[in-house]
Ligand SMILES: Cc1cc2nc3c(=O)[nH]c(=O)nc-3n(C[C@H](O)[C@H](O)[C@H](O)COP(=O)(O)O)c2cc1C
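Given next, in structure tokens, is a single chain: the form predicted on its own.
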Amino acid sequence: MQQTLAPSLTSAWIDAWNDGDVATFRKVVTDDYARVSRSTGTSHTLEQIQEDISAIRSGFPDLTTRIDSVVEGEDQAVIFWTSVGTHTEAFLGVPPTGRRVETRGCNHVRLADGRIQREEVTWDSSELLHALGVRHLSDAAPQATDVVVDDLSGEPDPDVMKTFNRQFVTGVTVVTTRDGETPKGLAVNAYASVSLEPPLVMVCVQKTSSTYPALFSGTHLGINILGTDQRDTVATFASKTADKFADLDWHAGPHGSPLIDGSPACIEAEIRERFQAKTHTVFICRVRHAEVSEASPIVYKAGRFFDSDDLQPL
């Protein structure tokens, strides 16, 4: 006998997503219910789905979901739906952006005894991050048990990457943004040029930084390469000082990003992509404005600063 998708099933589904009434799901699924993501192959139990719904609704409190259409077959159905919500609270480690997003998906439902036994879903919670302009670098995040092996000793060494990074010579940059009318910034040496055509750059920022929420929710950022005459500025932005711009001369870029006076070079760039990588976020940005002077940049290596004018050619 063919089973159809009863109104009570779709009603419970909507109540859970729109009102947060996750307990109602228990009434419409079988004891061996499973929900499978087609994109990742991950299978979740009812309890995990209830937790996921609550987490999503905590990040998007005004979330509303509508069923666009239902296609039914023998003992199965496909539900096409659309969700709309505003990102006003932290979600999956991402600070609130205030952005209103819309996502779509479909669930392939298999029925047993009038209840949902299995759902195959073309959407998962990361789609909401995608709608916010965030991507996950899942392949770059190894298991906690993975340790780099020191080739000299042949033994696992959790500090070998620190030693490696200390051997890399970099400049010193201050990445800046605005939190309302308040300028914010932090010292960053994880900067790189990605391409010249189009002009793309990247910076990597730790999520625990006090500047991170404003930086993440912004549309533009400033990157200031500091010079040999700006050692005090380096110290300020490497400190826990609450107002790092209090005694600093700066001017706003065309889109409002703070650009530090006296820097050898400054750019203002539009944030195009945000890639989540465990403790950090990688910002890929398109340069929109640049300023370059004749001042000499400061050089950083192994915890020490050097005067670039004293460099000797090889």
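The structure displayed is predicted, hence computed values, not measured ones. Residue numbers here begin at 1 and follow the sequence given.
One more form of this protein exists, namely the form predicted together with the named molecule; it is left out here, but the text below deals with it.
Participant: Kindly confirm or deny that L186, V205 and T211 each have some heavy atom within 4.5 angstroms of the named molecule in the predicted bound form.
Facilitator: Heavy-atom distance to the named molecule in the predicted bound form: all three under 4.5 Å.
Participant: Within 4.5 angstroms, counting heavy atoms, which one of the listed stretches 232-240, 107-115, 74-82, 161-169 is next to the named molecule in the predicted bound form?
Facilitator: In short, 232-240.
Participant: Going by heavy atom distances of 4.5 angstroms or less, which of L92, A190, V201, A131 would be at the interface with the named molecule in the predicted bound form?
Facilitator: Result of the distance check: A190.
Participant: For K244, is any heavy atom within 4.5 Å of the named molecule in the predicted bound form, or not?
Facilitator: K244: contacts the named molecule in the predicted bound form.
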